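Next up: a single chain in structure tokens, the form predicted alone.
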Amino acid sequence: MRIVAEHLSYTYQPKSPFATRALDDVSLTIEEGEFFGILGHTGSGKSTFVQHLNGLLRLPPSRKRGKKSPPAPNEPKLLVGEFDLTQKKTDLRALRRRVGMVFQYPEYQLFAETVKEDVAFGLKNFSDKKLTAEETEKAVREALSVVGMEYDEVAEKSPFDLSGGQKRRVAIAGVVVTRPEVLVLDEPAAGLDPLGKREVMELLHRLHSTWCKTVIIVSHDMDEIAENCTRAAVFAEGKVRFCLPPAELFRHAEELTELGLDIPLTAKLCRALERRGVVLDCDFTTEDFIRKTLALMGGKP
């Protein structure tokens, strides 16, 4: 599913003294198959943007016009695959089956008595047909397996008896159980230690290669973006300031710093080397940085 947003704006509490413009004429395209990153400090508009992608926040319906009337200048447009989110009759249930949304700290949203009931909840809500018990169990079993958990070990357990990492996996399973084509995650590694972060990112890459065609992560962790994403969009004050592959994005270190953002450790090291007359052309992943540093020093990568 290709995502195309044009001239997208959104204001919280419009026509009130507390009106806040969260998105301001945003145009952004995310291609099918990308592992896409969205960056920005608090209040930049990044979370508001992704909540439009499965209709949690809605655009005003398109104004009716005659067949020969051209679109108004800067008329908002938001297409998620074949779903036109400016249309009043958009099938939101079908959209949410195909665009899964995992919020920050999703383990806090677990609620059912058993793991299998929690994972099955989204399936029952968004399925386009009534499933048999056997079909439901099969889908839940597969969803738990893809996030690295054994159905027979955890299905009957209370999700509240699991470890923090296991709870997060169960919460993710509850979203991917519908086999969405697009998976959106808000700060998927928030609150985890380095090992936990690595395991979550490995899980997302496994989902990307076998389960969900497109993965979109909202993050403030520059190293996370550099290591994992094909492209990343930088939001600031409701606008998209950059949309580039990480290898190009993090060469704009001064501009990112002015926006209140950091750069990856590898980018900082490259800048430090440049100040000493050593130019290292790498893509800012740790692997590429180490390989090219060793090559520069005459060592074997």
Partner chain sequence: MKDVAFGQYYPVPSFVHRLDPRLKLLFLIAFIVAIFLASNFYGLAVCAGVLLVAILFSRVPFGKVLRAVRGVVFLILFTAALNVLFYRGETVYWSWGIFQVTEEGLIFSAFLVTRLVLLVTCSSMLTYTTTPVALTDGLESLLTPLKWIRFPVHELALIMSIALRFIPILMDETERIKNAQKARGADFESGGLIKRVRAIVPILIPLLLSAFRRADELGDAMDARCYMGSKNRTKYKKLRFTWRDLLAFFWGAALITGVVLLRVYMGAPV
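Values in this document were obtained by computation on a predicted structure and should not be read as measured data. Positions refer to the first chain, counted from 1.
As for the form predicted in complex with the partner chain, it is not shown, yet the points below apply to it.
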{"query": "is_contact(residue 47, the partner chain) in the predicted complex, heavy atom dist at most 4.5 Å", "finding": "no"}
{"query": "4.5 angstroms heavy atom contact with the partner chain in the predicted complex for residue 17", "finding": "yes"}
{"query": "Contact label in the predicted complex: residue 96 to the partner chain, heavy atom within 4.5 Å", "finding": "yes"}
{"query": "Interface membership of residue 211, the partner chain in the predicted complex, 4.5 Å heavy atom rule", "finding": "no"}
{"query": "4.5 Å heavy atom contact with the partner chain in the predicted complex for all of 51, 121 and 126", "finding": "yes"}
{"query": "Answer option from 265, 56, 273, 247, heavy atom within 4.5 Å of the partner chain in the predicted complex", "finding": "56"}
{"query": "Selected contact from 192, 201, 162, 110, since only one has a non-hydrogen atom within 4.5 angstroms of the partner chain in the predicted complex", "finding": "110"}
{"query": "Segment assignment from 214-222, 139-147, 193-201, 168-176: heavy atom within 4.5 Å of the partner chain in the predicted complex", "finding": "168-176"}
